Each structure stands twice: as C-alpha cells, then as structure tokens.
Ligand SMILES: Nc1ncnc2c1ncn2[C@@H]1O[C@H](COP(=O)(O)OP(=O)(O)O)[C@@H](O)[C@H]1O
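For reference, the chain that follows is the form predicted on its own, supplied as structure tokens.
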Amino acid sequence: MIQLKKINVKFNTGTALEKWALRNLSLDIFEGEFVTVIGGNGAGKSTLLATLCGDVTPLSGKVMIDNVDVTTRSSWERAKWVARVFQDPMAGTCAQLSIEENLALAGKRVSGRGFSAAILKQDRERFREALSKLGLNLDKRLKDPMGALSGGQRQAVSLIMSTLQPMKILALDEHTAALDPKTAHYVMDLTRQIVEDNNLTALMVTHSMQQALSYGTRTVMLNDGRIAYDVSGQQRDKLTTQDLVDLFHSQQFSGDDFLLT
C-alpha cells in the first residue's frame, strides 16, 4: 500500500520563480490498484511520481510504502519497492551500452550499480526469455547498443528492465508520450500485461484522456498541486473522454493541456 500524507513540495523557494508543486496532498493507493493520473501542465503530476520514487523530498508530509516511512530515503533505497519508466525513451537506459548490459544494470538496481566484466550465461538466458515475450526479436539482438533501437523498442525494453528485480510498484511518467499512436498502443498493452502478470501496483501519468480511462482501475485528476477529482469503479466505467474534458474545463485548464486519444 502507498500512502502520501499531507505532502507539500515547493520549487525555487525565495525567488521570482517560486512555485508550489504539491499542496497538502494526501493519497492512498491500495495494493494491486492501477491509477492513471491526469492534469494540466504544471498540475503536479510528475512531481507526484518523483516524490513517490524518491527523486523529490517534500518540505512536509510523509511517504509510506507498506507502512514503512520512506520520506527521506533516496530513490536507490526505494528500488526494492519502486521501479520507474520515463517519458523520454532515451532516459533510464544507456545508449552506448548493449541491450544485455542495460539489462544487467537493471538487474542490480537493488544490490548496487555495476556489473562484472562477463555477463553470466544464466543471466543471458534470462534476458533472452524476458525479451522473447515482446515479440520484437530483441532476444536475438542482445549485443546491439540500446541507442540502435526505436523509441518503442526502447520503452518495451525499459518495461522489461523494471521487472528484473522483485518490486511492487511501477511508476510510469508519460511513458508513451514520445511514441506514435500505433507504438503507444503496443507499449500500453505491454504495460497492462506486465502489471497483471507481476501483480504490481501502478501509478501512470498521462496526458491522454483515452489512456486515462481505457487502462487501470482508478483515475486521479490534479490541479494546482491538489487532487481535484478521484474516481474508480462503476462511476469511472461510465465516464467518457468528453466527461474528462468537461472536468478539465471546469478546473480552468487550457484546452492545450490534454489529448483525447
């Protein structure tokens, strides 16, 4: 279970650019939930994810995972609970390293960074097995540099990397935003399958109204660092993308802040 308790985050304190990113935000996410997070630019979506992952430390409030207070723990210390996939297909991986070297690094994210000079045969077989499930023939390209892959292929590998070590929470920061619609659909279906197969709790930031309703079990809307709307169950099932658009307008969002698809 994830508990965010009265979280406050402010950036550029004491300057003309001072901004509250999260304001007294409280949110409970239960084990197995798949929460989609929407909101206008600057609403606090990515800050929410960064606070959960340990990349941002709140000014006040608590971050609890499985009843453990992790508020001041680093992202590395939280790696045994949380894995993150970024918006930029180039982020979270090293373009110069091979696919198998990137996978080897991901496999050591809990025990510590670095890998031995030789990747063990059993590790390589494990990587091939995991990649074969993607249906992209990447299991035959372990020696290829990550930078040689397309954006969609790289995001698919990033999702596989996130599951190489036991963890409970998958944090997705607009991880299909840089992809074309067909590839985004493939990555989203892969995401759903990975979440289900590994019994994960997921938190996914998206600008797509369709994604926000088509995937997951619950949708949270942020506005000005606060939760403006939180819906799940039958009430969520009845919502349309137009309903979400209307909610955006009611919160005085700009029409440029979201996508219908």
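Keep in mind that what you see is a predicted model, and the values were worked out from it rather than measured. Start at 1 and count along the sequence shown; that's the residue number.
A second form of this protein, the form predicted together with the named molecule, is not displayed here; the remarks below concern that form.
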**Report entry** Option touching the named molecule, based on a heavy atom within 4.5 Å in the predicted complex, out of 219, 201, 47, 211
**Finding:** 47
Query raised in the report: Does residue 43 make contact with the named molecule in the predicted complex, using a 4.5 Å heavy atom cut-off?
Result: yes
Requested in this report: Tell me, yes or no, whether residue 23 is in contact with the named molecule in the predicted complex, where a contact means a heavy atom of each within 4.5 Å.
Outcome: no
Requested in this report: Report whether the minimum heavy atom distance between residue 249 and the named molecule in the predicted complex is within 4.5 Å.
Outcome: no
Query raised in the report: Would residue 12 count as a contact of the named molecule in the predicted complex, using a 4.5 angstroms cut-off between non-hydrogen atoms?
Result: yes
Requested in this report: Heavy atoms, 4.5 Å, the named molecule in the predicted complex: which of 34 to 42, 62 to 70, 230 to 238, 192 to 200 makes the cut? Say which one.
Outcome: 34 to 42
